[in-house]
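Below you'll find only one chain, the form predicted alone, shown as structure tokens.
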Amino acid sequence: MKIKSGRFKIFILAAAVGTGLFGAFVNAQTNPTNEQVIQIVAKKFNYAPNVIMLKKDRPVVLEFTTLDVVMGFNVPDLKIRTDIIPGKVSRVHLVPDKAGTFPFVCDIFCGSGHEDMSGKIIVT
């Protein structure tokens, strides 16, 4: 199909640019801080991943699910604590403001291997 009209070409170009700008606007409205999302799965008796790498001053959302029982996620040094409940997604928003290695543990007794349920967050 050959397009002869100059006005029609301008209309098509304007529609394409407008669609791109609208898409960028909608994307900016749904994730205004451009947070990094990290999914963490808990199950007896570990977290996957059990080492979480973060960048200092970059916003992040930790999303938790569990495959079996109620768990806890506690990082005392970063003042982070949440319950992880079967069938639900728990979210923690944070902006790490200091570099270092911060251990985390399950703080809800989840069975005989509970004491092995730990990991670390490394902020660089």
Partner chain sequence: MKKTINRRDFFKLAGLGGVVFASGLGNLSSAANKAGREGNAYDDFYFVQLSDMHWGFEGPPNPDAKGTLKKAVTAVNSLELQPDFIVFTGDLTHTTDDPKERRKRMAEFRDIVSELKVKDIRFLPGEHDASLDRGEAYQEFFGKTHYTFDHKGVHFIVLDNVSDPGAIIGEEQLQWLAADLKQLPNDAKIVVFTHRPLFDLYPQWDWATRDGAKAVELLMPHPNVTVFYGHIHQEHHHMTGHISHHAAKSLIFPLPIAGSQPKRAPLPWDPAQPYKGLGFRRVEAEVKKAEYAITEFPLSKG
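Residue numbers count along the first chain shown, from 1. All values reported here derive from a predicted model rather than from experimental measurement.
One more form of this protein, predicted together with its partner chain, exists but is not displayed; see below.
Inset, instruction - Answer yes or no: in the model of the complex, does its partner chain come within 4.5 Å of a heavy atom in every one of 108, 111 and 115? - result: Per the other structure, all of 108, 111 and 115 touch its partner chain.
Legend entry - Residue stretch of 35-43, 76-84, 52-60, 92-100 approaching its partner chain in the model of the complex, non-hydrogen atom distance within 4.5 Å: Checking each option against the 4.5 Å cut-off leaves 76-84.
Inset, instruction - Enumerate the residues of 61-75 that have a non-hydrogen atom within 4.5 Å of its partner chain in the model of the complex, in sequence order, or give none. - result: Result: empty, none.
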